[in-house]
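Starting off, we have a lone chain in the form predicted on its own, written out as structure tokens.
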């Protein structure tokens, strides 16, 4: 089998937290690598975003990333829709030049879904759509969130016309049924995996030394793209409420979208709260360094207003680190409240502060939650995810061929 994976707006080679990169980038790359290892030749098509990558890059046995020129590389995500037809044409030309035919098309995010439906018309291959986030759900998650009408319109079209919808949690499935009237048979719930070879516990003192941290303060960790939807200011306010925040430091790993000034805003919030010396913005870090950050922290904090899944929570747990997260989206499917961390049902600093305080002042609780977190994360590996995804590809391809016979 040969699969075309479409990741139009973001390159899976980019590090999470950089520009538009996040958990989706890890998902697309790791899934493709495992599919390739299983014998499914997998090509990821993405828009050329700059000069840092080669036109074609091998990422594993049977898996590669192909960069297709489509519009100026500096175009922000909000302006990419007009370049989808040019991107689609570039994919078709690449396939024709190389004599390639694909058995399944897996689209990630709505812009990729638009391209996938155009490719289906040319290849007569089934389309599997994974959205990672949907405009209607995002709008409901946080007051003031807005999305362009074209996105809302195209997401509804993709949902209606795709051969199958692959989601990470039952929460997404329910949302699709409630907001888009999708038939349950069209949706497969398949949580992402975690690389347990990379994400494993590192002795805390060694992790602190590797990162150049003094180790004298309790460390809280945030990992992800800096965006108001991530709710990082809630953690800052929660830190200010701690009984002794002088001994606590928040390390923030991740960047922001181009043209945004979220870092400046968050620094200002920290200064106003008297936490300027207690928050460290380290920016982007290589993916292979993340286990050191997870292992150095007493807890990972995820105060997001919405997360379709929350892959960083699973990565932290695999490193034996408890998670304090908002009870939103897919996070309750990862974090077991009171066992592997805490789920906070309100976006208020007080309950976050209380849960954080419990972990910082109780080493026995941290250690027991860390062990439980590691055991739970170990149950979800990428090979299992790839096998189930490949079975879905085969099923929808067979159904489409039978229907067109």
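Since this is a predicted model, take the numbers as computed values, not measurements. Positions refer to the first chain, counted from 1.
Another form, the form predicted together with a small molecule, is not on view; read the next lines as being about it.
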| query | finding |
| --- | --- |
| Sole residue of 301, 128, 311, 134 within 4.5 Å of the small molecule in the predicted bound form, by heavy atom | 311 |
| Proximity to the small molecule in the predicted bound form, single hit among 26, 63, 359, 68 (heavy atom within 4.5 Å) | 26 |
| Stretch in contact in the predicted bound form with the small molecule, which is absent here, among 107-115, 201-209, 92-100, 279-287 (heavy atoms within 4.5 Å) | 279-287 |
| 4.5 angstroms heavy atom contact with the small molecule in the predicted bound form for residue 87 | no |
| 4.5 Å heavy atom contact, residue 172 and the small molecule in the predicted bound form | no |
| is_contact(residue 322, the small molecule) in the predicted bound form, heavy atom dist at most 4.5 Å | no |
| 4.5 Å heavy atom contact, residue 232 and the small molecule in the predicted bound form | no |
| Three-residue site 225, 253 and 307 fully in contact with the small molecule in the predicted bound form at 4.5 Å by heavy atom | yes |
